[in-house]
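Here we start with a single chain on its own, the form predicted on its own, put down as structure tokens.
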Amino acid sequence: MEVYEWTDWARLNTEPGRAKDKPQALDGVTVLDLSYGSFAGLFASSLMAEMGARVIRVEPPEGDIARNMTPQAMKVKDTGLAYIVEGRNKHHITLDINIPKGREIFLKMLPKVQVLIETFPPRYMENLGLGWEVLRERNPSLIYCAINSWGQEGPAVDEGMGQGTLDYDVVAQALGGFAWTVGLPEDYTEFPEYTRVPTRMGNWMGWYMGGAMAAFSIMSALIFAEATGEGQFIDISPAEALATVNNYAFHVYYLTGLVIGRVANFEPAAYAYHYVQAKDGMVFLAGYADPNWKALCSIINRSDLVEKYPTVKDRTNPKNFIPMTQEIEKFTKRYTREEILKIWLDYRGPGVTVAGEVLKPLESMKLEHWHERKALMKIKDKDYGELLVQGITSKMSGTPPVLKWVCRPVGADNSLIYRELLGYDEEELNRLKAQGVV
């Protein structure tokens, strides 16, 4: 028997290039994704599609408005940059469920699927006659996941919040408490006043955290359904999902009545644990426990800082963050990022302190490590040409995820899906298209 080193075994057995030859965990699961204007639902179905589920994206005949959510109106053919990534591995059909014929077709498809995802306003589907009570009569094992910033029920929804509005990432960030914690503090008077305001996270973290929680919940429900034959309704609020990872902010307020203010690039629980300026960019430094703080100060030859800020409590006082950093940067600004890394790696004294290079986007994209691990992948897509996209996150030896294709144009799979699920031929599809149903 051939013997491998552990790293060789792991590389061989989790290599994404071999994934297409292995089974997938969600083979045999069919998902109808009715997401509209929300990347929370799109991300949830993307994760399931990577794991082998057959995901059928249902867009209105004119396409999902999410295809237009892209910087500076940049598109590849008919589709914005973000949607191209979240259209991966999915079949795309069109159907207008707002008209009776569209709802009739939707109900015919329902018994043939295991999962339904939608991101409409609360009670929207119920008002169309497609609520949970109706749908589970048609398909008792159905897993129905509804995603909206406010959730589907509760006092705020009863008072009208969320009703009539789509699921918005910026609302999730605000309700989840994150917008308040991101940005420059109001008392950092070294910066212009207009910059010292609550700041949304640069990417759609509310949507993506909500989508991840939705996918996890759906997969858990699939296990239960396999054992019992029973489906269930899942109510996901991206705001609540985001709040679950807001670490200690709620607890501090509950215990002390104090609100953790914005702290820019600093960590309220640890210093040093932040970014500092180098001669050619930024470097991350860590050394927050007392022995490690002493090690950091030893490297920069500043024992006076140990005496001035001797305890974790001293170093995590927000009033000390700026002056401490200014003193550290008197050293780091004299060196390049590469030189700083070497200085830290050469340290052999007591304590542990860490330095890490903050890569610029182009530098990160060129890093061979990400390409070898297929975290970044160049794809030649038959519809959208050559693209660089995010690849596969989970490296699994048994049932790995697979990136099969990137995206599909609006309604590209109408013929395939409607023929397979409902037996419709091209003549019937043309008739439905002329009626505005598909």
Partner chain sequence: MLDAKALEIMAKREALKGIRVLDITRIIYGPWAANLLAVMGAEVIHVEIPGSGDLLIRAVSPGGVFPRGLSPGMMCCNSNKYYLAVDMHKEEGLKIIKELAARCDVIMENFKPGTFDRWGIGYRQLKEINPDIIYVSMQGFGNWGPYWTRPSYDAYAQGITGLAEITGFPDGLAVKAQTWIGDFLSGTLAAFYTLAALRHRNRMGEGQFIDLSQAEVLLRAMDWTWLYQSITGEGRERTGNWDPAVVPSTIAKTKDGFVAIGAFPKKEFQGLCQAMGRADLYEEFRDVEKRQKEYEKVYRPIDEWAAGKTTQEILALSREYSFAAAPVNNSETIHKNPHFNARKMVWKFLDPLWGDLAYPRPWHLSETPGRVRWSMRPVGFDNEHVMIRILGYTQGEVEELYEKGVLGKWDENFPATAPPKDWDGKKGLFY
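Definition used throughout: the rigid core is the maximal C-alpha set that superposes within 1.5 Å between two forms. These figures come from a predicted structure and were not determined experimentally. Residue numbers count along the first chain shown, from 1.
One more form of this protein should be noted, the form predicted together with its partner chain, which is absent from this view; the next part is about it.
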| item | value |
| --- | --- |
| Residue stretch of 324 to 332, 95 to 103, 302 to 310, 183 to 191 approaching its partner chain in the predicted bound form, non-hydrogen atom distance within 4.5 Å | 183 to 191 |
| Option touching its partner chain, based on a heavy atom within 4.5 Å in the predicted bound form, out of S298, N89, N139, Q232 | Q232 |
| The unique member of N320, N246, T336, N127 whose heavy atoms fall within 4.5 Å of its partner chain in the predicted bound form | N246 |
| Partner proximity in the predicted bound form: A25 to its partner chain, non-hydrogen atom cutoff 4.5 Å | yes |
| Close approach of K279 to its partner chain in the predicted bound form, 4.5 Å, heavy atom | no |
| Close approach of H369 to its partner chain in the predicted bound form, 4.5 Å, heavy atom | yes |
| Its partner chain contact at G351 in the predicted bound form, heavy atom, 4.5 Å | no |
| Neighbours of its partner chain in the predicted bound form among 193 to 220 [non-hydrogen atom within 4.5 angstroms] | E193, Y194, T195, V197, P198, T199, R200, M201, G202, N203, W204, M205, W207, Y208, M209, A212, M213, A215, F216, S217, M219, S220 |
| Large Cα move at P100 between the shown form and the other one, threshold 2 Å, rigid core | no |
| Rigid-core frame, C-alpha of Y347, shift of 2 angstroms or more between the shown form and the other one | yes |
